[in-house]
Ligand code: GLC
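Here's a solo chain for you in structure tokens, the form predicted on its own.
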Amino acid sequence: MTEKEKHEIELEIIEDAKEVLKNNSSGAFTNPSKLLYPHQWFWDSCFISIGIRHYDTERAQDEILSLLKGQWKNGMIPNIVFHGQVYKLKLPKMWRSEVNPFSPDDIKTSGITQPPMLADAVVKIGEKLDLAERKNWYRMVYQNIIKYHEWLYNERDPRKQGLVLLIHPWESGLDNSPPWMDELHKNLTPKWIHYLEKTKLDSLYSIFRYDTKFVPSYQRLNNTDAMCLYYMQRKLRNQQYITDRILGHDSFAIEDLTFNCILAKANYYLRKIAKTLNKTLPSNLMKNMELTDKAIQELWDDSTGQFYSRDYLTHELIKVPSIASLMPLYSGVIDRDKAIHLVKSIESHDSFSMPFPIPSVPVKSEWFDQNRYWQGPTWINTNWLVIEGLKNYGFNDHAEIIKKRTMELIEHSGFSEYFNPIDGSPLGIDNFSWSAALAIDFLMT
């Protein structure tokens, strides 16, 4: 293929991606998918704005400002914001955010958060602005970011050790990832769900599922796991989404590796924003941010040579491998020796090396399923995070190879939600927004 032909293909992908984002637009924000996700999601919007910034910085800013309309009075940013056109759906009633006194008065939201990609997205947008515009942009969102980071440490780090805890797998963004499901199956699956699974009556739950109306069931969570996550959400709602109450009842909490690595990087970007504005961050927040950088090192296990999430209650590592083990690269806070070790796992055919990398679960894992949601398929957003992480440590050749394979996925299988890592076939919903947005970012950065 000539350079001209390659360039023409890239231009075509960019235009097709813009069309996907345009079709998924709902005014000031973008749906991940009009069909399956007709609302605004936290880290989706951050990834989406990172792509849109290349051709419409004002629209990218609107994406973030729309998300922040759902921020709670205590600083929490929910994983879902229900704007006007979706009030008629069942989800706002399922969450009932109004049970918490800190929820917004004028908009419905979920009651939990999602990986804190906000500061990264804000800085990425700022890179497209001149200095005066950048400062104005930062001023618009500076206090929102500070309030959110302070909420994470005040509410979700009770031991003041630098790692925030999550109270639901949905907060991790990797909903049915093996570390979470393994802990859930051990600790919180109620007897009635075990009974339904044993008697095969769990299949009746399919009648009530919304997702499998659009995506084949073998590509989504199985019925047992879906029921467990819904059951957990109901328990959180009963405790008004208040962490102290939740921890005091029959529940479990995890210091999630992916989330805390993204938080460490978000702290870096928050410092960068403050420096640009010539501001001094609150001293307590600074102390907590420094603790996070150090605490991530505690999630390393010498015996297996991997990073893991940790059970908050038992303080034990959850030694179930997943793509989360690579996220310390994105954090930028680990030493180079450990970064080299993680790169070797990317290269290993027993781990993450596959025809279309990077699978969400290592190929040799007992959990690996090349078609099922976060238990094997390749995702564009996690590839983007790993690529950013590889660049942190100067592994530019590795980053370029993964970027090239990612674009081959998109060229041949479209902007799917996720992909089969073995044959590259499309999985999940079609025309997924962050796949389109990050394809633009790959080609225009």
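The first residue of the sequence shown is number 1, and the count goes up from there. Treat the numbers as computed from the prediction; the structure is a model and nothing was measured.
Beyond what is shown, the protein has a form predicted together with this ligand; the following relates to that form.
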Practice task
Just one of 39-47, 403-411, 57-65, 388-396 has residues with a heavy atom within 4.5 Å of this ligand in the predicted complex, so point it out.
Solution key: 39-47
Problem - Answer option from W374, F307, W180, F259, heavy atom within 4.5 Å of this ligand in the predicted complex - result: W374
Completion exercise
The listed residue (P116, G173, P328, G111) that reaches within 4.5 Å of this ligand in the predicted complex by any heavy atom is G173
Exercise for the section: Please run the contact check for G70 against this ligand in the predicted complex: heavy atoms, 4.5 angstroms, yes or no? Expected result: no
Handout entry: Heavy atom within 4.5 Å of this ligand in the predicted complex - qualifying residues of 414-445
Key = F432, W434
